[in-house]
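We begin with a single chain expressed as structure tokens, specifically the form predicted on its own.
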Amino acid sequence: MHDSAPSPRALKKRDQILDTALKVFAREGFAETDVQVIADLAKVGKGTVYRHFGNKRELFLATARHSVEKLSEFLREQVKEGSSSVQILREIATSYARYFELHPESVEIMIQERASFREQVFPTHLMHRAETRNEFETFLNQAMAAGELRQVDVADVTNAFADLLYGSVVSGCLEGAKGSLLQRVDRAIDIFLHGLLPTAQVS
């Protein structure tokens, strides 16, 4: 006999706990966070938190996953279909930056996950990158076949694009420039798309 699917009310409560946990873990750090504080702020009992997530470690990892899922939802809402491939790349980049300007606590979670669980778990943001890789590489292949982008190894392009976005956002937040991430990423993606060499010198 299979368990029934969680009710909408239970899913809403779960998201409420995760949204609260995201803010508390980002502010206090994993080691210093008290699950009771999360429960109080989420207006649920501590037992409810443990019933949903088991323990603090699992709550943190679920929070990291929740963060990248919210990022994915945001990108799908922001990036418009029907645009040129170059415009889509720009929209992905600027939407990525806009998300982290709105939710800088998500950067803190990525950094903490690496620091606290580097020997135990595969980083959530890299797992997310792997899950979305095929879709992005299909988009690149189509753009190259249409002559909108020059022929380059799509795996290399995917890695470079993802590294550029991640590095720009993390560096910007570490430098205290959360409010200018959009401008920072916009400039970086412009260089990414146009390169540094004059067209005649590109081999």
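Sequential numbering from 1, following the sequence displayed. No experiment lies behind these values; they were computed from the predicted model shown.
Beyond the structure shown, there is the form predicted together with the DNA, which is absent from this document and is the topic of what follows.
- In the predicted complex, none of the heavy atoms of residue 147 sits within 4.5 Å of a heavy atom of the DNA.
- Residue contact check for residue 33: one or more of its heavy atoms lie within 4.5 Å of the DNA in the predicted complex.
- Interface membership of residue 46, defined by any non-hydrogen atom within 4.5 Å of the DNA in the predicted complex, is confirmed.
- The DNA in the predicted complex is not approached by residue 27, whose heavy atoms all lie more than 4.5 angstroms from it.
- Here is the short version: of 171, 55, 138, 159, the single residue with a heavy atom within 4.5 Å of the DNA in the predicted complex is 55.
- The chain is drawn here without the DNA; in the predicted complex, the stretch among 64-72, 163-171, 149-157, 37-45 whose residues come within 4.5 Å of it by any heavy atom is 37-45.
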